[in-house]
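Listed next as structure tokens is one chain, alone, in the form predicted alone.
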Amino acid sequence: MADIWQQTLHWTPTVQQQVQFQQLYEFILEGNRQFNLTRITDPQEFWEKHLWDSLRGIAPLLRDKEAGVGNTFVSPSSSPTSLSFIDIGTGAGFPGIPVAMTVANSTVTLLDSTQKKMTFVEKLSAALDLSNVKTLTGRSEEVAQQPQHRQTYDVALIRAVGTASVCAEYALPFLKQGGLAVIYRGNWTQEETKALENAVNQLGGVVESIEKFTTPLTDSIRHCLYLRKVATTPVQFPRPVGVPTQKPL
């Protein structure tokens, strides 16, 4: 897959990262028997839908590092030597675990409300010797109101968790001013963009860009939505548990 990495992301994993990717796959297969973590178990499907898709969301950051240039992905106010990520609704550890493997000097906090998944991810991180991974069990609506997590992170990643406006309400309160939320989506329409812009505006953000692309093996359509935090998120957001999904902004 090395050629495909280079052709599609303009980045190639190191030998050590390739070994870690293989170990990750084997641990997920093993954990799947006990926890039913993912239906994606075929090797190529796992590579495309879990590894490649996870890293496609942060491709600009990987390209910056590969080229040896400064971060254009995150705000200039972020530390140039260490980036803090939070992966909201991480499940079996995607996209956060692949990000932790590939972004040097990063810390990645994996957040999920399901304790058994968090227990598995903790074991996974220890087995892969990922010292830059932290785990957090809870609902994002509650955790984002805690002072130690609110407006703390450089980048928030959120994949397969509700509608885009719900994802924005979960993600933006976690970000420092100047931080970036990356929302992973499948199909996307212009009408959805208008609704998202309305929600993001209320949350202290702007829709910085929307990237459309196809996956390299199956040519499936994907989108990544990049939201920039430009102002303090009002204190009432995120609203209490369940409200964002029941009454999207």
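Just so it is clear, the structure is predicted and the values come from calculations on it, not from any experiment. For every residue, the number given is its place in the sequence shown, counted from 1.
The form predicted together with a small molecule exists for this protein as well; it is not shown, and the discussion that follows is about that form.
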Inset, instruction - Have a look at 124 to 132, 148 to 156, 105 to 113, 175 to 183 and name the one stretch with heavy atoms inside 4.5 Å of the small molecule in the predicted bound form. - result: 105 to 113
Inset, instruction - May I ask you to check whether H50 falls inside a 4.5 Å heavy atom distance of the small molecule in the predicted bound form? - result: yes
Inset, instruction - Check whether G89 has any heavy atom within 4.5 Å of a heavy atom of the small molecule in the predicted bound form, and answer yes or no. - result: yes
